[in-house]
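We begin with a single chain expressed as C-alpha cells, specifically the form predicted on its own.
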Amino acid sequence: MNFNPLDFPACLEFPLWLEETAWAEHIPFAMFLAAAARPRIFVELGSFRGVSYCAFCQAVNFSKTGTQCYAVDTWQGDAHAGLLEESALTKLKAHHDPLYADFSCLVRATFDEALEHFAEASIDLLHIDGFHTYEAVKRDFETWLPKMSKSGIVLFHDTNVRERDFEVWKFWAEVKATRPHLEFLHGHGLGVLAVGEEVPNALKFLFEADSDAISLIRAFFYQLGSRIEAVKTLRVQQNYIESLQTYERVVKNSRAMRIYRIIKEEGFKSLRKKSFGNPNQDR
C-alpha cells in the first residue's frame, strides 16, 4: 500500500488541546493512526495533561471511527513525568468533556485497578506511557497484552531516551525482535508494535516498508510534528513571560517596594513625611 495522507486528513489537523508535553511531535501520527486503524477500543496508560490522549480523541471525532476511548491515570504525576497539580485533571476535563464525553472516559485509577474492566482480546490500540523503568514498562505490557485483540497495536513512548533510569528503549529492543514494528526517532522516540496476528490493512505499509520508505515516513511525520512542537514551545514561553510580568507588577506595587524606592531616592528620614495609610494593607 502506498501512503497518501489525503486519505487520512485527520493527520493534517492541528490539535485543539496543546498543553506542556513531550508528545507534541507525535500528534500527527496519533491522528493518522486513529483514522487508519479505526480501533473499536483505544486505551492510554498514562495521560498526564492529556495532550496525546486528546489528539487521539480529536481524530476519532474528526474521522467518525466510532472508537470507545479510555485514559487511565492517577493524575498525580511521577518521578519521570513530574508531579501534577490537582487542578490539572479539572482543567483537562473542562476541555475534554464537552467535546468527547459521549465516547471517551477519563479513568482515575492505577493501571492494575483499570485492568479488570476490560475484556480479554477487546483492545485494538494501546498506548503505554506510564513509569519508564524497564520493570514498569515490561509489567504494563505483559499485564495488558491479554486484553489486546487479534489486530492489536501497541505504542511505546520514549523509546529513544537513554538517560537517568528511562529504560523503555531496553524493553523495546526485546519486544520488537519477534513482531512487526516501526520506530520513530524524533520526539523522544515512539515505538509502534503489531501484537496481533492480523495487521489492519491500512497499517501494513508501516511494517512492510523498506529502509528508504521508512526514512520518508519518518520525515513526513517529523515535519508535521515539528510545527506543532514549535507552537507548543512558543505558548510555553509566552505563558512564562506573562507570569513574570504579573509578578513584576505585584512587586512594583507592593508597599515594601514603595518604601524601598523612597529610602533609595530620598533617604530614610523622608519616610516620616510620607503617609502609607494602614501599615497592614497595601494601597
Ligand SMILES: C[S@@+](CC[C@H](N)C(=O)[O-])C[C@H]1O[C@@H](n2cnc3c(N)ncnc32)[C@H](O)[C@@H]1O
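Residue positions are given as counts along the sequence shown, with the first one as 1. Everything numeric here is computed off the predicted structure, so don't read it as measured data.
In what follows, reference is made to the form predicted in complex with the ligand, a form of this protein that is not presented.
Phe131 is the sole member of Phe205, Phe131, Phe103, Trp169 with a non-hydrogen atom lying within 4.5 angstroms of the ligand in the predicted bound form. None of Ala35, Cys69, Val51, Ile228 but one reaches within 4.5 angstroms of the ligand in the predicted bound form through a heavy atom, and that residue is Val51. Although the partner is absent from this view, Ser122 stays clear of the ligand in the predicted bound form, with no non-hydrogen atom inside 4.5 angstroms. Although the partner is absent here, Ser47 lies within 4.5 Å of the ligand in the predicted bound form, judged by heavy atoms. At the 4.5 Å threshold, heavy atoms of Trp75 reach the ligand in the predicted bound form. The ligand is not shown here, and in the predicted bound form it never comes within 4.5 Å of any heavy atom of Leu185. Just one listed stretch, out of 169-177, 87-95, 103-111, 196-204, contacts the ligand in the predicted bound form at the 4.5 Å heavy atom level, and that stretch is 103-111.
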